[in-house]
Every structure is written in structure tokens, then in C-alpha cells.
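A lone chain, given as C-alpha cells: the form predicted on its own.
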């Protein structure tokens, strides 16, 4: 007799639903079979199917809406972002490790962006760097422009995986960025941070991947130094 809520049954059902999506070539927005149909086909209770749906929804594989059939989800960075924040807050990973990964990823991103960006994206990247300069005395606005700057670079790389990764880091960046900014005590140190974004933007707009990589590497080296100065590891 089935034990309702059994973790093994739920895991098996998650696997079966995932296989259904792949085998039927379902795309974002396509509907899945109803709970009743899946319950009958998989020989499990509707409660087990419902729990599997909830787990898949939490992983952003499907979308659930009251009174409607489950649909295949458009992927986003939400689940990954929560995992990274959980890792930091439970001391399983640290900020320096995150910045090390970001440095590796984002130097590759700017190299690709310099090669693949459209003229409109180049203009947007230059504009965001300029807006960062204009709101240097407004840290909250500066943070938003900084996040948009890195997001636009990722989009310009033409690799959606990079966009997912950059999005996943935003939650923890929002928590650490103000600390890093405050740890730059002199105007010169803050000007340097803004200047490196200008250098990155100009290199990408000029289609110079090596210059873009060098500027991004400098940006992350300075950012890590600022966080270490603030006592974050």
C-alpha cells in the first residue's frame, strides 16, 4: 500500500514528470497532464503528484497557478540565488570564494561581449557606466546601475547560462556591495571603482576583448581588496 507523502515516491514522480517534459519536447508555456492523469499513469496518489509538482515549481522547472494546469517554466536564477545565499549564511561558502568564481566568469563574459555585443548593447553598457558616475553620491542608485551593468554584459555575451549565473549572484551582491562601498574610505578609491567600469564599457564598445578582460580583472581585484579591508572573507 502506498505511503502518502513518501519521499521515495515523490522523487520517482519528479523524475517521471521531468522525463515526460523531455520526451514530449515540451517548451516553456506548454501544459503538463493533470494531476488525475499523472496519478493514474504513474500509479501514485494525487497527493504524491501534488508534492512532486510543488518541488518542481520550487526548482523553477514548472509553473503552478490556482485552477490551471501546470506548465513548463521559463528558466530563471531564483533557485540558484537562494542556494548561494543559504551557502553564505550557513558558512558553507564565503564571499571571497564567490568573488573568485565571479572573476573567472565575468572575465570570460566581457571577452565574449566585446566580440558579440550589438551596437545597441554597446551604447547601453556605456550609458550604464556613465550613470554610475552621475550617481556616485547615491549608493542605492549606484548599486542598481552596477547590477544592470553586469547583467547587460552577460546578455551581450550571447550565452544564456552566463545570464543565469550573474542573476543568481545578485541576491548576495545586494547584501555585500554596500559593505564594499563603505570600505573604500577615500574618494580616490571610489573613483577607481567607477573608472574601471568606464574602462570595461569602452573596451567592450571598441570590440577589444583583451582590454575588457584586463579591466574586469582589475575591477575584481580591487573589489576583493575592499571586502577584505571590511573584514569579510
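Note that the structure is predicted; figures quoted are calculated from it, not measured. Numbering follows the first chain given and starts at 1. By rigid core we mean the largest C-alpha set that fits within 1.5 Å across both forms.
The form predicted in complex with the DNA is left out here; the points below concern that form.
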Query raised in the report: Counting only heavy atoms and a 4.5 Å cutoff, which of 189-197, 33-41, 174-182, 160-168 contacts the DNA in the predicted complex?
Result: 33-41
Requested in this report: Would you kindly say which of 17, 224, 213, 10 lies with a heavy atom within 4.5 Å of the DNA in the predicted complex?
Outcome: 10
Query raised in the report: Quick one: does residue 55 come within 4.5 Å of the DNA in the predicted complex, counting heavy atoms only?
Result: no
Query raised in the report: So in the predicted complex, does residue 65 come within 4.5 Å of the DNA, heavy atom to heavy atom?
Result: yes
Report task. Would you check, heavy atoms only and a 4.5 Å threshold, whether residue 69 touches the DNA in the predicted complex? Result -> yes
Query raised in the report: Is residue 48 one of the residues lying within 4.5 Å of the DNA in the predicted complex, judged by heavy atom distances?
Result: yes
Query raised in the report: Superposing on the rigid core, do we see a C-alpha displacement of 2 Å or more at residue 198 between this form and the one not shown?
Result: no
Query raised in the report: Honestly, after the rigid core fit, is residue 35 moving at least 2 Å at Cα between this form and the one not shown?
Result: yes
